[in-house]
Ligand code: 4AD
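Let's start with one chain on its own, the form predicted on its own, as structure tokens.
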Amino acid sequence: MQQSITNLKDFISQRIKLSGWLYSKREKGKLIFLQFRDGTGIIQVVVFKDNVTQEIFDRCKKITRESSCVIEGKVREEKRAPEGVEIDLDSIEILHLNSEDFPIQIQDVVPEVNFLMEQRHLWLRSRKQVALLRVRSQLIYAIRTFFQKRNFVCVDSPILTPAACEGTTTLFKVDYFDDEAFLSQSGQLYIEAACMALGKVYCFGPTFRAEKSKTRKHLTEFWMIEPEISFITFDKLLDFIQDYIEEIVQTTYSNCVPELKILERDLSKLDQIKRPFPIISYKEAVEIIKKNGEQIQYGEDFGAPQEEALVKEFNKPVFVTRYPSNIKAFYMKPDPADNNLALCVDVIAPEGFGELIGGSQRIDDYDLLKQRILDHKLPLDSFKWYLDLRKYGSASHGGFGMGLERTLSWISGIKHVRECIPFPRLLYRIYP
């Protein structure tokens, strides 16, 4: 019977068949130990010379790493094994025998990162990378489930856009027939239009930033989750984001304990990610940053050093609200109590993983939004449709954007986001 490694505990003392690849091999006299993977896990397969034919034993001796094969054998309980079971092999069929050594070996010496990135298509097969991709899949599931349970509608926003969303300096320009277009920085403006039709919506897709940054927190192509909610106040938005963070983290955590252990994540850090979360003003954040020895002047945005100084005070994501309007995006609504501040929030992850979420209540006044577009020297004609949303049935609304890879980096404890997407696009990397 064809099975998968994940459910072998249900077949102890039974004969099963598995299709997969050889992960590693060790020989000791009449014994050969095969580490076998099938995409769902890794299992030890024991080959005892006296229990198989000479032909089968010879096949096991010659099989090379990452050769594809089909094995058959009996499942045996082994409490010392990570999966709780092992397989006593009695048959193996080699489907493809690799004639060359697999480029990435599993010695204690860690290969150089650039080498691994060149071999990304093969590096994905390693134990930690498989675990990380499984956590990514569960995180996506948790996010979509969160919105589905609350009757949000998923609306796909375009990847090709005629204008900038958050500024013109980080756009990838592309030829568009006899015109020009840009790869989307964000789906937000389009989701605002959908919000006025459907009430509660979100988009989830690839976005692009032409930042010439080489930090461990940046990619030029990444996936963004962007919900938008009509008739919501800023305080209610903050409450919603707290629910969102707690649920997606705890759902992912509960479904991925084995994978997080493989990634050597400190699980006690994730146990603490529950409401309530600290909510402070930008002004308070500046004082904390200064107190912790980092330079910053009021009115400056935070860089990585400032974020790291801030989160020394917190073991949970911290909500920083009401930044000065002049350092934030044109569409953010001014605070009625102080027009120099925006009704906005940045959620900064603990442990130095940086900003996870940026959100705000949006400007719903036509004249004010038009003036802000002009103030930011953006092309008014490109935003005529966006202004129409304030001309016909305008209503209060707000939302946020969250980068999937940076959030995955934080949850999994992986320091560099380049490992958190299957095929990363970086300043100097577009291969493979």
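Heads up: residue numbers just count along the shown sequence, starting at 1. Predicted model only: the values in this text are computed from it and were never measured.
There is also a form predicted together with this ligand; it is not shown, and the following applies to it.
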>> Does this ligand, in the predicted complex, lie within 4.5 angstroms of each residue among 103, 112 and 429, using heavy atoms as the measure?
In response: no
>> At 4.5 Å between heavy atoms, is residue 325 in contact with this ligand in the predicted complex?
In response: no
> Looking in the predicted complex, any heavy atom of residue 188 within 4.5 Å of this ligand?
Replying inline: yes
> Hey, in the predicted complex, is residue 41 touching this ligand, heavy atoms inside 4.5 Å?
Replying inline: no
>> Although the partner isn't part of this model, could you tell me whether residue 359 comes within 4.5 Å of this ligand in the predicted complex, counting any heavy atom of the residue?
In response: yes
>> Tell me which stretch of 293 to 301, 213 to 221, 316 to 324, 115 to 123 has a heavy atom within 4.5 angstroms of this ligand in the predicted complex.
In response: 213 to 221
> Only one of 93, 239, 284, 355 has a non-hydrogen atom within 4.5 angstroms of this ligand in the predicted complex; which is it?
Replying inline: 355
> Heavy atom within 4.5 Å of this ligand in the predicted complex: which of 406, 372, 59, 390?
Replying inline: 406
>> Can you list, in sequence order, the residues from 383 to 416 that come within 4.5 Å of this ligand in the predicted complex, counting heavy atoms only?
In response: 399, 400, 401, 402, 403, 406
